[in-house]
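Shown below, as structure tokens, is a lone chain in the form predicted alone; questions about how it binds or moves come after it.
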Amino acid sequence: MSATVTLAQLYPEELGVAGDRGNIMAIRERLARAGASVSVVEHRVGGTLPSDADLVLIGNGPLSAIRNIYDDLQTIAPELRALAGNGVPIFAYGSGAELLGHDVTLLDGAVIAGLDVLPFRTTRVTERKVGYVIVDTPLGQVVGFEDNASLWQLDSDAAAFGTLVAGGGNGDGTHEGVVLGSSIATQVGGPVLPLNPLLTDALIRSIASRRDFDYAPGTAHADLDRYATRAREVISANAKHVFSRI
């Protein structure tokens, strides 16, 4: 493979508190083992978002971090909408994902306007969902860890990422996350991509399809898949026993 793939991670310090670098590392490593050249661009406040990004990743952070990056995020909003409109996948986790929705209603009733990139809105609540989570998705079963105090309300015509097997998900007891085209927003952490090669490969195939190159994991990926399988087995065995609300 001679392709060069550009991955953009937004605000890695502020919105990278839940192992989110592990997500970008998983994508980069699986691409590299398939023979692709990979460029990772870390977008920070005041920087320029690459117009040729093949995938954009945004992670999780506290409210203080959101306030620190919010003005810059609004500045690059047109570029993000253009990328999404051109079929560039966005993988968004936690509070970073919430900022890509319509809005976020805080506990005191204040509303943070979102970017309207993804079809949902968020309400922060006092009850916190903490524990392992398992989700049946069209890509296969996704497992990980959740730690949030948010309810996600999807637009009436929006599609959830998947159906809950264990955990709290969007807060409706049934669904987790939201998808729009090749973009995914989720509350599944872990970080989720190293734990779920099937999800990582689906994102890579979205890139490959758009860029017109072939991607197929092979023997070079076997050890990554083996580590993921062992971790997934532990989560699956314990998910329904350790999940709690605080």
Partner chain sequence: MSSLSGLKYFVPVVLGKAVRALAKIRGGGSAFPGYVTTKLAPRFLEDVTGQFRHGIVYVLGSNGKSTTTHMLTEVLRGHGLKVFTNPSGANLPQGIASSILAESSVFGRLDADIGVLEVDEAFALEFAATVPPSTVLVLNTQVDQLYRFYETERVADMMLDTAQQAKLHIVTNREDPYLSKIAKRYKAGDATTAPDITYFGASDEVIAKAPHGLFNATDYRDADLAPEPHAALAELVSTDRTGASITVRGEVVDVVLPAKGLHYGIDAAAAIATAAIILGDDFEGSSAAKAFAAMKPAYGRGELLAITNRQGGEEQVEFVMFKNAASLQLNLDALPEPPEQVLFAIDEGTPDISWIYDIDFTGLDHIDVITGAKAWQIALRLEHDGMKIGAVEPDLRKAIDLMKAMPKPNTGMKTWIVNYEIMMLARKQIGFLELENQR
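These numbers were taken from a predicted model, which means no experiment stands behind them. Numbering follows the first chain given and starts at 1.
The protein also exists as the form predicted together with the partner chain; that form is not presented, and the subsequent description refers to it.
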query: In the predicted bound form, Asn68 touching the partner chain (heavy atom, 4.5 Å); finding: yes
query: Touches the partner chain in the predicted bound form: Leu63 (any heavy atom, 4.5 Å); finding: yes
query: Any non-hydrogen atom of Leu195 within 4.5 angstroms of the partner chain in the predicted bound form; finding: yes
query: The partner chain contact at Phe120 in the predicted bound form, heavy atom, 4.5 Å; finding: no
query: All of Ala228, Val234 and Asn238 within 4.5 Å of the partner chain in the predicted bound form, heavy atom check; finding: yes
query: Segment assignment from 47-55, 25-33, 208-216, 176-184: heavy atom within 4.5 Å of the partner chain in the predicted bound form; finding: 25-33
query: Of Val104, Leu139, Ala159, Val130, the one that lies within 4.5 Å of the partner chain in the predicted bound form (heavy atoms); finding: Val130
query: In the predicted bound form: members of 11-33 within 4.5 Å of the partner chain, any heavy atom; finding: Glu13, Glu14, Gly16, Val17, Ala18, Gly19, Arg21, Gly22, Met25, Ala26, Glu29, Arg33
